[in-house]
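First, one chain by itself in structure tokens, the form predicted on its own.
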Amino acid sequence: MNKILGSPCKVGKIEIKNRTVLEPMGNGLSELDGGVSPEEIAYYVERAKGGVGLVITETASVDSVTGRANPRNLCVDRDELIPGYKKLADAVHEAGSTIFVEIYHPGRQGMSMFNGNRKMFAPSEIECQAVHQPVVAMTIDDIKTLQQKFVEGAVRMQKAGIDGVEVHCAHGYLLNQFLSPYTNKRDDEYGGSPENRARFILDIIKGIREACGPDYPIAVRFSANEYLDYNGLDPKEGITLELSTQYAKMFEAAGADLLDVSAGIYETMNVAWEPTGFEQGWKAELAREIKKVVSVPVICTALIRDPAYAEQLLEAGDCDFVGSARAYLADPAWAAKAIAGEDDEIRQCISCLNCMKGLMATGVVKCAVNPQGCMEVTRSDIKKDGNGRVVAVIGAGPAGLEAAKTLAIRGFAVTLFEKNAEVGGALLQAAKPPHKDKICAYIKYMKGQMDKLGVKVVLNCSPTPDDIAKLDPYAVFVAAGASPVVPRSIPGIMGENIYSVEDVLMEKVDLSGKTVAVIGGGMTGLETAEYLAAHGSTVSIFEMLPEVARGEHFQNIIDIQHRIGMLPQNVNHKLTAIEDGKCFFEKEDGTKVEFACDAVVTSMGMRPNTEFAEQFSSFPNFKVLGTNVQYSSIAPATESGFMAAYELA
């Protein structure tokens, strides 16, 4: 049991039942008019049922005319939206949690196309280098008008029965822009000194307090450090921790009841929504230092995954609450499991950022390890109708494991075959590069689920059709993965000292002290290069396309380049031959290039093992899953495994 994590704590005069917080995160579920949708309610209710103490919704704009960042942006600027929020509040309360709504305006980080092609509001006419939208410096009248909209939005939330509001001053949105010397170059009463830069926010807090009364909770979320140095800038040009301690005291004095400590802006996005290169607790010092200068409760958000670490932060007095968004996307019941000490039952976030990739690319959030995330309305009614019917699942990678888990929940008798000595499939390899060990926790969780749900796991076995026929199966699912592409037309590629990514990452070969050419600059090639460099190899990367990691989410590219940017990365280099310890390339302009090396590691793509799968096609309810269909990442693999099991009639 984690005693402090499960203990109550007051925010103002409201008591939160425990110290866990579902932090705001865009989910793309609201109605197009900014209203609360049934899908949105279902999402938050599922986390409330999972035991979280405080639910804080995604950002809700105080002005739907000038303040949208995406087409499905919650809004709080119209009375007709109140009934939707009332339904949300009632549902979350019934499920046992307290709920705040986060109110904001995106400012220069909004999208003009969603705001009538208007220029986006900002304290100064400085374009965001991440979204590159046209901006306009706000007039005093603009500021006063928007200040009132924040207050009116809070009043509407109070009328709807929402327990409190969180004023969003973090992540580079409008109020953050006023606080930061990097984006606020004004010389009037809203710029210059820290007190002037904070004036807009302080007046909003005071206005809400006056309009909503002394007992209505007001939280303030702010970036305690913008980490401009992550983007190669002088960190002192923006918000630093030292400056934030001044702001924190001002927020409390103005009437804030809770401080939610985060970091970053869009231009340093990776420190706000971290990819795999960031470790748990890396920014806990921000909350720790803010906690020292205020008396109101403080939320720490620092990639907190492990309940024991969360308890440690609380024991040390570094914070009063521990918050996360992605932890609850991956496992809606993180709070209840964490408080009960059921660590092995938690399906941890692996920091792959598939959620952010989907939100930015399509407006749809999908979790790589939780296929039901943001799909609570359509995917939570798993039928218990298996009735002991036998299903054979071949391949214990992410697709096979997810299929076996879902089938077992439905009551099917599942036999899971795996050719290797342990479950995990390609995940075992994916977990080997630096900072990818988070995947190990997911493998451990899924292995535990197989034991818990009674799945019969047969290891070191690649079954034949005769083996499967003996089971007399109701259905056969094949998730046999993919194999490396080796273009045999390239002279010398089958020669000595030429290895696959699997050879390297599964430690079948030791290339420490060797000069190595990695052929293929996709994310797998880059991660393998990082692994080799960390183990003492001298590595050069060669990619035939004009850029490395094409198609990968930009945050993940930035993340790994921060670590391996010093390694030679040669693009537009097509491998033509390997001979006598040399790789021969042809560049796009026809130039020939030679590279001498001790070893070659090929990372030139993967090909689905379709021939293996096809031999089982005559069985009833035959289904091919995961990378056996198309080689990709963990997310589509788990998605296909879940859907095949969920839809099996």
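No experiment lies behind these values; they were computed from the predicted model shown. Position 1 is the first residue in the sequence shown; the rest follow in order.
What comes next is about the form predicted in complex with a small molecule, which is not displayed.
Asks: Does residue 102 reach the small molecule in the predicted bound form if we count a contact as any heavy atom within 4.5 Å?
Replies: Residue-level check for residue 102: yes, a contact with the small molecule.
Asks: Give a yes or no for residue 34: in the predicted bound form, does one of its heavy atoms lie within 4.5 Å of a heavy atom belonging to the small molecule?
Replies: No, residue 34 stays farther than 4.5 Å from the small molecule in the predicted bound form.
Asks: At 4.5 Å between heavy atoms, is residue 63 in contact with the small molecule in the predicted bound form?
Replies: No.
Asks: Contact between residue 171 and the small molecule in the predicted bound form at 4.5 Å, heavy atoms?
Replies: Residue-level check for residue 171: yes, a contact with the small molecule.
Asks: Name the stretch, out of 356 to 364, 74 to 82, 189 to 197, 107 to 115, where some heavy atom lies within 4.5 Å of the small molecule in the predicted bound form.
Replies: Stretch 356 to 364 is the one.
Asks: Of the options 331, 418, 274, 257, which one has a non-hydrogen atom that comes within 4.5 Å of the small molecule in the predicted bound form?
Replies: Checking each option against the small molecule in the predicted bound form, the one that comes within 4.5 Å is 274.
Asks: Would you mind picking the one in 573, 291, 347, 326 that has a heavy atom within 4.5 Å of the small molecule in the predicted bound form?
Replies: Contact residue from the list: 326.
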